[in-house]
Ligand SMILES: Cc1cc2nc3c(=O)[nH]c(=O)nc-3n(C[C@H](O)[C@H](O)[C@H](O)COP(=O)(O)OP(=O)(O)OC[C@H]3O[C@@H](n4cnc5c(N)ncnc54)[C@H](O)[C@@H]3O)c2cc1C
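Quick heads-up: it's one chain on its own, the form predicted on its own, in structure tokens.
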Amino acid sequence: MKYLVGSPRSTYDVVVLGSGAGALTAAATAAHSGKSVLILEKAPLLGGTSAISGGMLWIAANHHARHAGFEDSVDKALEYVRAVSRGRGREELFAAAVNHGDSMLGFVEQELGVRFIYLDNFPDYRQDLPGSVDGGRTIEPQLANIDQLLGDLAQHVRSDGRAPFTMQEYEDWGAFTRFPWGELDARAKAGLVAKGRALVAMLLAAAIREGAHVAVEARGEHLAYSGQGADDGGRVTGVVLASGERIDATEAVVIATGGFEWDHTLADSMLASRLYTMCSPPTNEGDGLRMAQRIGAQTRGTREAWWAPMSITGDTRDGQPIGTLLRFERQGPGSIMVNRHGKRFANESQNYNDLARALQSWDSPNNTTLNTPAHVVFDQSYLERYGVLSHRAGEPTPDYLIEGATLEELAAKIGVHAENLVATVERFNALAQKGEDPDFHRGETAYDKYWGDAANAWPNPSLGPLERGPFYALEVVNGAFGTNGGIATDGTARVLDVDGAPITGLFAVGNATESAYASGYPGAGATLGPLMTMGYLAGRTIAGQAAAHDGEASSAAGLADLAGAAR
């Protein structure tokens, strides 16, 4: 174990395992109340999956929206998350995440100094479901100067390797060919970071200001537990590290160690579908889940993950191969996705979580996959307009792209029937020129159009024909940002045993736990929004404080100041 902040001690009020956004929110909230807190990170780098994420938070009925005059309500949001969760969620967790999301947001802004950008036009992912809105529920962190916030500690915060652009800018600019790379280089040299890394930097700086200690290379192995069970006064009293060192926690241990996607045996045995790649840190191996199970914790939702269509392009993280999320590559006008038969099989512009489920379909009569192998297909004009991932027209075709002078040649190279691929493209082209897609309804919702190209020459920003060779294919596989099921908790993040009773002294938040929205993905930031809310509720509960905080009585002028700062 290596201390980065503070000096070694054997006892703290609160020990937090993990250093992602949920962990840091719990730690900073507890420390703000006067608790002594130790943050233990298994990896050499801080930030976990949060640091490499888009950094967005989905917070219904938030005060930024209210100040902007946007109409939303907790009841409307609850209706929506019930619908999007496919009947698998628990009302206690719905209520915790939705009712207290704005309390968390106000606290981290007013008390911890975290600053956000309000995205008034980012639509919920499922516009077809009751309670959805076409904007106002998603926010993201502002650009942050990590060097000024953390000094030498900045080098210990995990990076995704991307330039410092906000997600709002990414959506405004669209394709990478339109990015102002010179300006972004200048930002990076000035110490600016964005997205999840900015969020982690601000939260970590807040936790340290509140007095939290931080250590890395500290893998939790067991929970120290006194007594035989809750009935005889048993409680969690600390953590035993893989090194054998014990850290006592007089009030609580918070498990926030991430999911179990990198334990391939565990993932194969529990997830509903085979996970072919992921982009999270390889240290997400289910440590927290096993620690909790050893003392009788209940588990829920372990079939689920934050699913996403990805390609394997040679990228690595911590020396391990990872997947690359496909966004504009499949959503931009002029590209389509085809399955193993050379036919379209889904709305390519829909949200990544639902689209990935189409990659999991099984053809029972033929005992094989229904849609995979699958490929994104596009033409030379698409490549010239937008590029694909880091590849640009005129450069040698990378190994991860398959090229064919004609559609027939491309079909042979990706192993599909040429007549099917040609017919698919011909039909799509005719419809795209009219701006419609009766087959899969691409381009009909605000979400689809949001991710299209407003400058598209054809009638619909999501649709465009594939006409000029050479043609290209990029294989798509079932991937995930991480698993989102595991330790069961109540609405204050207390871990529940197999009988549904809280285990005294033990809390859990983040991807180590059952998602507040079960199998649903309401909108951009539906990972970080609820997990930070549960981290906040854990910290408040440990401190013996109500979910609401004093800052919620802020005046309209105070909210206006925050909204102004967020711009």
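It should be emphasised that the depicted structure is a prediction, and the values quoted were computed from it without experimental measurement. Numbers follow the displayed sequence, beginning with 1.
The discussion below concerns the form predicted together with this ligand, not included here.
Remark: of stretches 47 to 55, 535 to 543, 496 to 504, 62 to 70, the one touching this ligand in the model of the complex is 47 to 55 (heavy atom within 4.5 Å). At least one heavy atom of G525 is located within 4.5 Å of this ligand in the model of the complex. Contact check for T445: every heavy atom lies farther than 4.5 Å from this ligand in the model of the complex. Under a 4.5 angstroms non-hydrogen atom cutoff, this ligand in the model of the complex lacks A28 among its neighbouring residues.
In the model of the complex, none of the heavy atoms of V15 sits within 4.5 Å of a heavy atom of this ligand.
Taking a 4.5 Å heavy atom cutoff to this ligand in the model of the complex, the contacting residues in 12 to 51 are L17, G18, S19, G20, A21, G22, A23, L40, E41, K42, A43, G47, G48, T49, S50.
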